[in-house]
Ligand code: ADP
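Taking the form predicted alone, here's one chain by itself in structure tokens.
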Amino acid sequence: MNNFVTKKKIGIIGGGQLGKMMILEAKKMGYYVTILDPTPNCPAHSICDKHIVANFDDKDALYSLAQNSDCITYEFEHIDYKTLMELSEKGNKIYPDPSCLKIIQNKYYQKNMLKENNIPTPDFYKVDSIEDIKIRAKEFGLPIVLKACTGGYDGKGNFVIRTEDDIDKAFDILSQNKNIPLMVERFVDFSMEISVIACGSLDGEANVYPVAQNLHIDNILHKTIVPANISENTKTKALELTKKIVEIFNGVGIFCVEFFVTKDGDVLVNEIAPRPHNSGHYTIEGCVTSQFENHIRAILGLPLGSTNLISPTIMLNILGEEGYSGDALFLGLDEALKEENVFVHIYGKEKTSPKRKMGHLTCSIEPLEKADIISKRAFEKIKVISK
């Protein structure tokens, strides 16, 4: 029998809601947690043991985090992978391995890695000029999608080119930062978007969660529905591809793979995130072991927990209301919590702004149709405005 030491120290790069939810699980098992985040009162600040207030690219701060930690993880992927690779080479334990960040941070490198391993994705090409876009527009037909290869999230850094007149506009907007490379992708007329959360262990095990169906509004995740309304064949493909992707990246910890489902039920990989993901929040109440607990278990070498679904679950993101910016004020929370099997998570961000992710709610109950009705009713009662 192995003796697991609960005095181990975990370092987390990022103190947002994902870092906060990691800490909540780490604290259940008695671990010491240090975060690195430039915002003094970030969501994770109130529950961490130590907070290094510094920019994410501050090399000295990253080295300090390593000195204070037995292992390091991160809540988002757009960080200084070079310094993390240096630390890893010096013997520091960093999960997922920073070598995968170099690939995943760049959408073009990411898609190339998938293509080399026979993972289906939309057709894509690197872009160096407006002429490159015009060539692919003729090859693919319009619409096509122009993407910044690095730095994008929630649809930022993407431009759907629907007419020839959009080509110059799209290139001008996304090439303003000359240091960011561009790529173009064939537009996928998908039937739905799905995602699969998986957790890789130190011994190479990969546990997958149920397939989630995702609905977006203005490129921001609005609702996650579990289980997804897909065929057994589509489900099998998504789960098998996710396991293969975790293996390709030697993944330790949580990975999220986002897919497009085509009209004929096939799946194409859209993006990969090497961390807990918004579309996996349903696992907190909906599954035996949440994505956050399994992430902590994985990076510490503990046995992974069951990913089985307890009951159908709906997750809805709570965003800042349009027209409000400033100190956050939540309305209707008491009324929402009166609803059956509804759980509300408030992230603790001091400031709200339009469409900022301020929290989420879930409803986990049989049958799925009932969960949908109840979650919608609760969601409509909550508003995030400014004081």
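Model, not experiment: these values are computed from the prediction. The first residue of the shown sequence is 1; numbering continues from there.
If you look for the form predicted together with this ligand, you will not find it shown, but the lines that follow are about it.
- Taken together, the three residues 145, 152 and 156 all lie with some non-hydrogen atom within 4.5 angstroms of this ligand in the model of the complex.
- This chain is displayed alone, yet in the model of the complex one of 234, 83, 278, 270 has a heavy atom within 4.5 Å of this ligand; that residue is 270.
- Of the listed positions (181, 305, 122, 265), a single one reaches within 4.5 angstroms of this ligand by any non-hydrogen atom in the model of the complex, namely 122.
- Heavy atoms of residue 260 reach within 4.5 Å of this ligand in the model of the complex, making it an interface residue.
- Interface membership of residue 219, defined by any non-hydrogen atom within 4.5 Å of this ligand in the model of the complex, is confirmed.
- In the model of the complex, at least one heavy atom of residue 186 sits within 4.5 Å of a heavy atom of this ligand.
- Among heavy atoms of residue 190, some come within 4.5 Å of this ligand in the model of the complex.
- From the list 242-250, 281-289, 83-91, 156-164, the contact stretch for this ligand in the model of the complex under a 4.5 Å heavy atom rule is 156-164.
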